[in-house]
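Single chain ahead, by itself, as structure tokens, in the form predicted on its own.
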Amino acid sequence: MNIFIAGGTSGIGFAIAVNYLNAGHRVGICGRDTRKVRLDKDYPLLKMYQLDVYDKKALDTAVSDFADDRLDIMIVSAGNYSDSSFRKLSYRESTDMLKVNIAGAVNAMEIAREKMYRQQRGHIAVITSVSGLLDYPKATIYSKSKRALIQIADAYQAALSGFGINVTIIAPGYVNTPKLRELNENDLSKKPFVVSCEYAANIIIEGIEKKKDMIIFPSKMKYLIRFLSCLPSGLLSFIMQKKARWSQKR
């Protein structure tokens, strides 16, 4: 298969790429800095592209170069995070999250949609976050951007289901990525139910193979989110603010 991963140079996206490469598939990955890619062996079926997913023309050129004849799977994995729980973000921090988490993700979905419609087949997998499943007034900009992405992906799912194009929405909990470790000074003790990138990749690939509509993992986080979703928005806001303050204490 030909598999393109937008945001595949690190974290979950990179783990998925390695998994598919080891299975003998052609994989294309893109990111803002391909120098961060660390491979333990040579992968002749891998192509890398340095670009910003917000630049639709550059992304389209890369995807066409990689798989102009056939694109089997597009995985939308690019993401940007700045914590707005207790501080006002700069304009650049705020808009970077919008540009990557929403506009960049839509660019990848649109490029995949156009190519897959011509084929009358294909699969789009959109990686969001469990934080986007919770709706409450004081949610962070990151959580709100991921909630928006879930709604957009859901619309794509409904619109494309009759044209041979499957869409899977993926909402992971905490995953032990380089970015999460960086943001928490390598201390993940206050992040519940953390899983490895390899675990996340296996769950996601299995879900894509089974053409699931939505994947939420790990199971403990899924059940916790279901419980929290039943709470009144005011109480949920209070709990999430308390949780954010506790997580910041060192």
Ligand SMILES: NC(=O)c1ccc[n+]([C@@H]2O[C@H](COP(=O)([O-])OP(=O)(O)OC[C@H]3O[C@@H](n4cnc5c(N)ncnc54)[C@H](OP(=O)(O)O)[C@@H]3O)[C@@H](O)[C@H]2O)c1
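These numbers were taken from a predicted model, which means no experiment stands behind them. All residue numbers are counted from 1 along the displayed sequence.
Beyond what is shown, the protein has a form predicted in complex with this ligand; the following relates to that form.
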Could you spot which one of 65, 52, 213, 206 gets a heavy atom to within 4.5 Å of this ligand in the predicted bound form? 52
Contact of residue 140 with this ligand in the predicted bound form (heavy atom, 4.5 Å): no
Even though this ligand is not shown here, does residue 133 get within 4.5 Å of it in the predicted bound form, heavy atoms only? no
Just to confirm, residue 107 within 4.5 Å of this ligand in the predicted bound form by heavy atoms? no
Verify the contact flag for residue 187: yes if a non-hydrogen atom of it lies within 4.5 Å of a non-hydrogen atom of this ligand in the predicted bound form, no if not. no
In the predicted bound form, which of 114-122, 160-168, 67-75, 140-148 comes within 4.5 Å of this ligand (heavy atoms)? 140-148
Are there residues in 23-58 with a heavy atom within 4.5 Å of this ligand in the predicted bound form, and which are they, in order? 30, 31, 32, 33, 36, 51, 52, 53
